[in-house]
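Shown below, as structure tokens, is a lone chain in the form predicted on its own; questions about how it binds or moves come after it.
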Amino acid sequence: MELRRASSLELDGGTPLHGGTELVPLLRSGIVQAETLVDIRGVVPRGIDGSTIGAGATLAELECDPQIPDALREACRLAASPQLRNVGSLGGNLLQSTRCWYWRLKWPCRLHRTSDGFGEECFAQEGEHREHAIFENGFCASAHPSDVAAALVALGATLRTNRRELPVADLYRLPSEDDRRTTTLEPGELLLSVELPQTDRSVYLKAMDRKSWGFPLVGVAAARTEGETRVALAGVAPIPWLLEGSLDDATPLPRNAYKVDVARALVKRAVSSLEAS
């Protein structure tokens, strides 16, 4: 495997590498294969300039900066251990792969490419799915693990790549029979920065198995701007989930219905905290 340092935003077919906290384990397990890794740390912006955050900024930098809205700072603080937060980047966190154990163990599921195409079964639906999705889980029951993505979706943030600008919510897509991707990124497209709109108040709450530094069973981000409240959830769908309807619309699997009750309690707490601020 070749490793080279990027001198521009063009990858020339290589696989981008920044902090490596996500990519390196996937390479080691053989889930991701790459002939060339391109170190993009020198070309992806880093730092915080008012409402603009470079995609190369680390979670540790974001969690302690007073310019950052509360929901995003708390999402960064709860996302991982201090060691990982000091290395992991904002862009890398947004592009995390699912933690579904069937996918991670390379079962031939609907998100895994096989010699004949893709797998044709979501093993979690009939298997062990305690930590899986309660929304849009008919095709793939994986749950998106990013606390930070849910916070940015609730905040209504905008993402800039080397090719376009788009709402952070539009970075993600539900996998389907004709397109198994979970993001809208094209080959060679790099995340460069995030623009935060003005927000009056925001909060992030998280339920997890461990007391700290676990992936979200349910994460709830809520943000209020000019009297309007947006709520987004982590750990409940294959993508960060903007709650536009009711939690009664959830379609839990037999062993993860508890997530609906957890989400309902966290949403109530989050919205109440905004009203009390």
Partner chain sequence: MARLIRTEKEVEGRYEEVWLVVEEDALEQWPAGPREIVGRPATRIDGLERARGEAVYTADLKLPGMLHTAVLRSPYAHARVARIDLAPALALPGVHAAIGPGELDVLVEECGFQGVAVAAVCADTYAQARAALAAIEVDFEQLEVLIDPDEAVARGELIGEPRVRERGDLERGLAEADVVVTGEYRTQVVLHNSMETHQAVVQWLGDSLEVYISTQYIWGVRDEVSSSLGLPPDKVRVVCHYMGGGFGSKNEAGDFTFIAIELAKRTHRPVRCALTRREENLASGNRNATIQRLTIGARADGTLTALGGDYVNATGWGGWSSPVEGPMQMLYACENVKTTTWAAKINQPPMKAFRAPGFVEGTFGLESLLDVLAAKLDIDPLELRRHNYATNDAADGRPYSSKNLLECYRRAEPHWERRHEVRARSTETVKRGVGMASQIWYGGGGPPSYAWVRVGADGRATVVTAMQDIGTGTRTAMAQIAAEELGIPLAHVTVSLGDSARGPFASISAGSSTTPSMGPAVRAAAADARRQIEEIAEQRGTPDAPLGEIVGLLEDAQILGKGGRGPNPTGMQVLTFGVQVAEVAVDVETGEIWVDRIAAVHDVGRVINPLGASSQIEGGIIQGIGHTLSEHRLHDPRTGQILTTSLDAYKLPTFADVPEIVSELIDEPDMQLTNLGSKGLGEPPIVPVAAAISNAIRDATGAEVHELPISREEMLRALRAAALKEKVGAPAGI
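Numbering follows the first chain given and starts at 1. What you see is a predicted model; the values in this text were computed from it and never measured.
Keep in mind the form predicted in complex with its partner chain is missing from the figure; the text below concerns it.
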* Are all three of 105, 258 and 266 close to its partner chain in the predicted complex, meaning a heavy atom of each within 4.5 Å? -> yes
* Answer yes if any heavy atom of residue 208 is within 4.5 Å of a heavy atom of its partner chain in the predicted complex; otherwise answer no. => yes
* To do: May I ask you to state whether residue 163 is within 4.5 Å of its partner chain in the predicted complex, using heavy atom distances?
  => no
* Does at least one non-hydrogen atom of residue 262 fall within 4.5 angstroms of its partner chain in the predicted complex? -> yes
* Report yes if any heavy atom of residue 121 sits within 4.5 Å of a heavy atom of its partner chain in the predicted complex; otherwise report no. => yes
* Structure fact -> Residue within 4.5 Å of its partner chain in the predicted complex by heavy atom, from 112, 130, 173, 201, is 130
* **Contact assignment for its partner chain in the predicted complex, among 68, 43, 57, 217, heavy atom within 4.5 Å** => 217
* Asked: So which stretch, 182-190, 141-149, 93-101, 164-172, is the one near its partner chain in the predicted complex (non-hydrogen atoms, 4.5 Å)?
  -> 93-101
